[in-house]
Structure formats: C-alpha cells, structure tokens
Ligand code: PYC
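Just one chain follows, in the form predicted on its own, and it is written as structure tokens.
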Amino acid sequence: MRKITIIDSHTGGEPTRIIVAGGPDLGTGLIARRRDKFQREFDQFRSAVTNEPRGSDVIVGALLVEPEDKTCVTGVIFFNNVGYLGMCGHGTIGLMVTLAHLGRIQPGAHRLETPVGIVTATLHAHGEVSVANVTSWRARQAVSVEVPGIGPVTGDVAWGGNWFFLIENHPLEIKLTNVDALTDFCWRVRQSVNSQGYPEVDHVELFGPPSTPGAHSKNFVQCPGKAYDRSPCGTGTSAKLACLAAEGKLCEGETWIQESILGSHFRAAFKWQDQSAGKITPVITGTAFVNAEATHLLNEADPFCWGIRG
C-alpha cells in the first residue's frame, strides 16, 4: 500500500492540495519537461489526488519538486481534475502558507520555479502573501464569437499564467445562486472560443459589479475542468490587469481589488515590463489558511485507487 502525504489549504475559499511526500520521482531538468513526464507517465497520481473518492472537481493539486534553479526554494507543478496548469495564483499563495506551516520558509521573498517560469512570492509577517506573477499580456482585444443558443459574445484573450477569455458584457448576475447558469454560459463560450480560432484558451472569466465596498469588480472564473474558482483567481486577475493596463484604465502601481463570487478578495497591482508590447508583471496579494494534514493510502486492490475519471 503506497502512501501520499498531503497538506490542504484554501485561498479565498479555493482549495489547494500540496503533495509533500510520496509523489512520483520525475528526475531533474526543466520543470516544464518534468510536468510533461508527470502527465505522460504518472497521470494516475494526479487523478488519485484530485478526483473522487479522495478529491473533488474543485481541488487544485501541487507536486513539490527539486528546482533546477537553486536560487528557488522549491519547484512546483500545479494540476487539477482534468490536467495540468501552467501557473496558479491562489495555489502559490496556498503553497507559501503551507511551506511556512512546515517550517521551510520564514517571512520574506522567495523564488518558486513553475513550468511557465520563475515567480517571486513574498510571505508577509502578518500572514498575507504577495505573488509577483509571470509576464502577462493581452493577446487580442474585442474578439467576437458566435455561441450556439446564446448568440454573439465579445471578450479579450489574455495570458496571466494560463489563457483566458475575459468578458465584461454579458446578461448574467454574478452570485452563488446563479452558478448553474454561469457555468453553462461559460462552458458554451469556451467551446466556441476554442473552435473559432483560440484552442489554447482554457479559462473563461466573467465580470460584474462588486458586492463589497472598496472592491472594483466581481468575477466568475470557469476552470478547465468546468468547476468555478472560489477565489478571485490569481492568473485571471493577472490577465485582467493586463487588459486594464493595455487600455490605460489602470496605472502602474495603482491597486485593483478583485472580488470573487464568494466575496473574498485579492489586492493587485502591476509594473510595466515592456509598455510598448503591453507586457506587465502583476503582483497579487491574498491570504490562505492551512486546514488539513493527511496521508492518502493507495491500495491497488481498490477499483477506484487512482480516482474516478470523467
């Protein structure tokens, strides 16, 4: 019987499950290549950790690996119920709090190696975490797609560590009692965006007016496996900042407060990396809480040892 040691946390309501021991040995080299090896040779571990009966559609997992760049405190590969993520903002905040819980880091700035590049995350003395994310930018503005059963929908295509289709104008109210309608709308939009020229887009993000004082916007983010992000989404907020920066609606260093469908918040700002190319470095700040330490048992006599795959 194999054992996997995990630590669970949540960031603004969105769970992160860190594999701290018992995961597959992916060897050394580029994190992106090790992620590919994980997917190619050990995908059953991803399923075992995130899918039922141990997990759920909403859980984002993370495997800690030795960094190739020794200035980094760790390497990390993020994944979910259907596959692998380039970067995960809420997961990075959860990772930092988990590393502090384990006694591996102290307050201060720490470099983390991900499949899409190195990010710097700062653990503040009061417990918050600020993530200087990978370079983000808007790739296309005002892309219109025809969505069966809905009609034309217009949004921006942007990179924030994952690819997003961001929609400001839509007919739906962003609230928990409306999750089924929001999910159906976003899923239809994604299929149309993918089939009409943007197959790389795997997240859809809707925006609406905030519910809490001081926030600038509320969002609904549909993740690749069809679950919605309970947090304001770190990579989605990064993509939003890139769009705001490109339109001159947010100045360098100015704070943007993004509210999630649950009412949790990220504070965000950006620095120009290449203004002529519209490329920014987003900084996302939020809080996570460790809520479980556990050992998963993998018994191959169990027909659902490696998770229930859809």
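Note that the structure is a prediction, hence the values are computed from the model and not measured. A residue's number is simply how far along the shown sequence it sits, counting from 1.
Another form exists, predicted in complex with ligand PYC; not displayed. Remarks below refer to it.
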76, 97, 158, 88: which sits within 4.5 Å of ligand PYC in the model of the complex by any heavy atom?
88
Using 4.5 Å between non-hydrogen atoms, is residue 81 touching ligand PYC in the model of the complex?
no
Within 4.5 Å, heavy atoms only: does residue 138 come near ligand PYC in the model of the complex?
no
Heavy atoms within 4.5 Å of ligand PYC in the model of the complex: does residue 162 have any?
yes
State yes or no: in the model of the complex, is some non-hydrogen atom of residue 280 no more than 4.5 angstroms from a non-hydrogen atom of ligand PYC?
no
If contact means a heavy atom within 4.5 Å, which one of 182-190, 226-234, 147-155, 111-119 is the stretch that engages ligand PYC in the model of the complex?
226-234
Do any residues of 1-32 have a non-hydrogen atom within 4.5 angstroms of ligand PYC in the model of the complex? If so, which ones, in sequence order?
14
